[in-house]
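Structure 1 and structure 2 below are two forms of the same protein chain, each written out on its own as structure tokens.
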Structure 1
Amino acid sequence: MHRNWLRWLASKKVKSLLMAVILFVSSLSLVMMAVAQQQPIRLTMMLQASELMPLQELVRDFEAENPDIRIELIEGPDNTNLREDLYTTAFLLGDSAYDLVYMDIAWVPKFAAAGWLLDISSRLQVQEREDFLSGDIEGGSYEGKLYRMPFRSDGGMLYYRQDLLEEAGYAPPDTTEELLEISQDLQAQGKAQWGYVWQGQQYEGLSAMFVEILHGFGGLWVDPDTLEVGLDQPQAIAAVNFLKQTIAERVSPSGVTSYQEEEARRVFQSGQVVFMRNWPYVWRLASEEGSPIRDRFGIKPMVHAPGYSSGACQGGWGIGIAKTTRHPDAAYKAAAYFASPEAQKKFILESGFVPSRRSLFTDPELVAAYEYLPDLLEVIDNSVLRPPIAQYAQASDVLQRYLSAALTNQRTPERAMEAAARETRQLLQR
């Protein structure tokens, strides 16, 4: 039986049949490999809804030049903290679903320290970095290595109603005192319902806004080199007191403690407010046809306490590469494309966000669309970073929690800031 079986296998017919099968299987796998190689590389990235359309245009241009790469943009929530949480969860789960990480400057130390990002220092050569704003490069670095390609910068500004100020004979305010005085006068005259709106909700925007007021009162949050914490110092308490005063004196609505950027913008744009703290993106929206304050407002550096200087909080967004991506070269190519002068210019013309390249702040076409850009360059060049420490996310949570408690009268500013300083020190000692 066994012998018959061997004889059958050795017969010519069967041999050629076997050969045919082997040939068929190997050519099929070759075809499958070729098909797989022709499949474009797919990259994914999550971002907020308001940036989807203008970024989609850049993606289309990039894909036309790189038919072997496809980029899928995934719409995330507007709140920066919620998107940070989604990226964090994806990384904690292991094989992240995202190849490209569209990151707030404030996330960099945490993501880099956790080892979730590729070091791109050797890809973006030192000479190439020179056109980018130094705050964007600094804020995109951790322990001397670069982890984020700067795409769009940001800096907090004071918006003011030029028409109302001119009518009443006021120059735009430089100090917190002037801001309160002008607000109260114009409110008393019935020219505006509110004096000042800002971001008072408990979220990252509260920390970004507070960095500016703190700087304007000569205070310190955390010194990144010495890890000294200054939140319980008199300057920090004076900064909190100023914010509380705006609410107590009804210069700001009490609801300001639930405002993010968009809530502040909507009420300012409706024409009911004299001053607003916000990012430059508002300029384009408030200047659109049909906006009640079109051509009736200006922007300037933030107010500060008498004797101090103003500091814009350095914000901004850039692109990191997930360490788990299977396509680091394609991912870098895409990040470098988005950050290129041509792509940024197109994106900014469409969206009203701020460039991260110096040369674009004086680009004639961009200046024609956004006249404030040349002045903004100086403001952002002198901006203040949120402390670039690995524990930034927790430190910001602590500050937000206690600041919010002080603003909503659950604790006195002194007690709130003492607790904030104590918890921050404990966090940094861990």
Structure 2
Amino acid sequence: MHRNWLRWLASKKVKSLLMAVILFVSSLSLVMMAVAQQQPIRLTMMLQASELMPLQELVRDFEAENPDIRIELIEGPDNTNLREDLYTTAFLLGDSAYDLVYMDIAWVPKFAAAGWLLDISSRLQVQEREDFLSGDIEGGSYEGKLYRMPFRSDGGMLYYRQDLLEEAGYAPPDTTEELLEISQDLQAQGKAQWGYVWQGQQYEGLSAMFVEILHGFGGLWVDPDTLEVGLDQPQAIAAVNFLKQTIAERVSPSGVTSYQEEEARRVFQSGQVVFMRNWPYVWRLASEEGSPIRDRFGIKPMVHAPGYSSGACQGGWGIGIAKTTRHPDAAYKAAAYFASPEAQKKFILESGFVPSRRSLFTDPELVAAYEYLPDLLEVIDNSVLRPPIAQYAQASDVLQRYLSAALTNQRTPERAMEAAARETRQLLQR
């Protein structure tokens, strides 16, 4: 009987101990769940160093309003292509390290077609969508769905030496013929060493520049709906011939075929050039104290061939949401905040970039800081998209190679563009 009592006591102790352990584990789990629920959601986004500081200001403002969300900004390489490669690698590995995808407008078709981005079409209200520039909405869309919240816009334009034109009695040129005529006259007078500089190196900037000239000659690169290719048509060949003419007639330096944006800006800002094709960022740099052309230049839409219309290559950056994110609602909340009028205004005042909201181009405080914004709106309203096709990166590479071959006299314009058209058609058929 004594043994039975001991067995009973032991079993009671074991049961009590087990119950205590179960209660402890349950309580610990509840505590851990409560702690986890109190931990803020963490989002990540990669961007280039030059935008890190102004965006950090926006992140601090956002986190102050949303203490349950934290955003980690990861500094990526300055080279746009390298950042695209990093994003691509992350997505191909399956579970991207980035929740928010800060991306160039040219990446949207590739990323969307690959299924790497969330469709945000239903989240953006119609009345708010109408405040964004149409080119930014179109450029952030693929097959009718929106994948990128516009943040800052961009567009190619013609810079001109206002002082030189006024002294010689010229109005800013509208056509390619007028640009050549004015350039040659001012060069002959010794007013400028060169007439026109542009981006001629074999890289994405060459495609961006050419899409404007191509549009200005009535040409076609790729129709995204029919996949028709127009690079071997007379209009496209005429566009190439115009660029070659600027070099052959020494309106442009022969070295322009090695120019990117900064090479063109430096020579224009030095005061040696009458006209330049470039992006809006140049205005701020050329207007700084000590600039030889400060208050002596203007901007206007790109020149075009007689009988056709001007086109500005639509550029810009926006924020997409990775399909693999575990926090889609928080990610959209952050993307919508960055794209808000208040956040954009603060960012533009700090950085000098271009807003993507139409209303900000006439905002008194922004215009006081950047007087060119109303004129810039006219430029960007004439925007032209690079072909929004899934194979855009490969199509651009094809165009760059053959266009560069034509500009450097390795092939005639006809043979170069025929080859570019043939390879592009083969690419789209695959």
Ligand code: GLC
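Note that the structure is a prediction, hence the values are computed from the model and not measured. By convention here, residues take numbers in order along the sequence of structure 1, the first being 1. For the two forms, the rigid core is made up of the largest set of C-alpha atoms that agree within 1.5 Å on superposition.
Comparing the two isolated copies of the chain, the second one is the form predicted alone.
For the motion between the two structures, which is treated as two rigid parts shifting against each other, residue 303 and residue 232 share a part. The smaller of the two rigid parts turns by 12° against the larger between the two structures, as judged from C-alpha superpositions.
Taking the core as the reference frame, the CA atom of residue 81 shifts 2.5 angstrom between the two structures. Once the core of the two forms is superposed, the Cα of residue 97 has moved 4.1 Å between the two structures.
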